[in-house]
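The chain below stands alone and is given as structure tokens, in the form predicted alone.
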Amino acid sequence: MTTKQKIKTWLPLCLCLVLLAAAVWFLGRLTQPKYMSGVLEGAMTAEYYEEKTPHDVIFIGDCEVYENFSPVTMWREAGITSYIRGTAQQLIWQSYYLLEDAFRYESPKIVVYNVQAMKYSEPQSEAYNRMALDGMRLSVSKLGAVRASMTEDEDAISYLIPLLRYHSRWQELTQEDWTYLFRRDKVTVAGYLMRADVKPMKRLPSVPILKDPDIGEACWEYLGKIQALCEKHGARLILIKSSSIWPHWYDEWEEQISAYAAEHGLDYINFLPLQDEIGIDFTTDTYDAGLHLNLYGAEKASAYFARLLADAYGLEDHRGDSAIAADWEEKCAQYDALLDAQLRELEEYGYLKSWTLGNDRP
């Protein structure tokens, strides 16, 4: 068979394969949830890749970082550049792989890990896995995160070919799926998910009995891997327990984290005993009765943390750097515009229309 004959034989097949791959990609993109309303957390992971300038501080963890700290406030307070790679119910192995992914793009001086999620030592929920991992770019880090996170009934291939998972949404498609087929609006500012509404904490629920006080071995393994990863890249790891007062943070967990930090030479900051010093008031500074901070609480916690990072860790004030300052001026403008929009919604409707409200949020 001549070369020309081979081309005539194989060209149609190759074209069919290309068209099939394009169709699978297009339909996967169409049927995949867009997270532009309701539960916005699923849109956060992908936003990191749009960043224009590097960050001195990277946060990793669950809702206790992406709702309780405001990078814009840290910039305004001390010129600190930071980003929150947080996701809903982010398990520690997901934190590890998201951090590994971040080190592919930049070299932060400080990594801040919130320890609340160390109460989970096994995969928990496909829905939360999807919100955390679907937005990751294809890489060895994503493959590792998928393998570590999958629940019993999940298939790894469906994270790489979304149509295999979301084909059943075909009859549920809305205008949102078409509007955001090839673009997304930003839902965070530097990873911070803003809430300007207020729902005061009136009383704490009864504290459940802690059946198993021991933090699982998988958590200690991945915390060690996070520390080793930071050391490899010259970053300093800081452990924190954020300011949320519910779910309850047990003394048994606090003792284990404190002991681990002391043994491994890590700084650990528990913000719970610092509430009065920070100025947090859970009648005004929470939007869901103490589970998370709202904008006003997050700004207080962030200003406090920014001063601590600047004083104790010597982080540079970048407000005199024109290129970095220009990027953060854009972030500040986005932050202020988002706040104005939320305040207008609250005044007009009494609630934020773009959110699914209630204490069942991640």
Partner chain sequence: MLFTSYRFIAFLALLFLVYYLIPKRFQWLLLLAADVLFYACAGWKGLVFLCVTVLVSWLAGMLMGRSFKEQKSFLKSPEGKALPREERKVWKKKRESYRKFVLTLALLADLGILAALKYTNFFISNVNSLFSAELAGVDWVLPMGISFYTFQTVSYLIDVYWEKVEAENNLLRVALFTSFFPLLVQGPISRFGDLKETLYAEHSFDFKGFSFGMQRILWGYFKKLVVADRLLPAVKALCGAPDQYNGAFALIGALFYAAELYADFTGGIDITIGVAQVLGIEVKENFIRPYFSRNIAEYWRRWHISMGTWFKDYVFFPMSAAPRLMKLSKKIRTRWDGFGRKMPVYLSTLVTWFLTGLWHGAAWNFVVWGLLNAVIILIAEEFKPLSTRFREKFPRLTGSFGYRVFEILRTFLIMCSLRMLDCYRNVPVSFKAFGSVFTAGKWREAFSGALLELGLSVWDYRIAGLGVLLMFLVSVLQERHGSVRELLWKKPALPYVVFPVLALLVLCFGAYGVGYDASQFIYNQF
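Remember, predicted model here, so these are calculated numbers, not experimental data. Numbering follows the first chain given and starts at 1.
Just so it is clear, the following notes concern the form predicted together with the partner chain, a form of the same protein that is not shown.
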Worksheet item: Should L339 be classed as touching the partner chain in the predicted complex when contacts are defined as heavy atoms within 4.5 Å?
Response: no
Worksheet item: Any of the heavy atoms of S168 lying within 4.5 Å of the partner chain in the predicted complex?
Response: yes
Fill in: G350: touches the partner chain in the predicted complex, heavy atom cutoff 4.5 angstroms
no
Practice prompt. Answer for L27 alone: is it within 4.5 Å of the partner chain in the predicted complex, judged on heavy atom distances?
Written response: yes
Practice prompt. Select, from the options 155-163, 94-102, 107-115, 184-192, the stretch whose residues sit within 4.5 angstroms of the partner chain in the predicted complex by heavy atom distance.
Written response: 155-163
Response to the item:
Assert contact residue (the partner chain, in the predicted complex, non-hydrogen atom within 4.5 Å, options D197, E126, E254, D281) equals E126
Worksheet item: For the stretch 256-288, which residues lie within 4.5 Å of the partner chain in the predicted complex by non-hydrogen atom distance?
Response: none
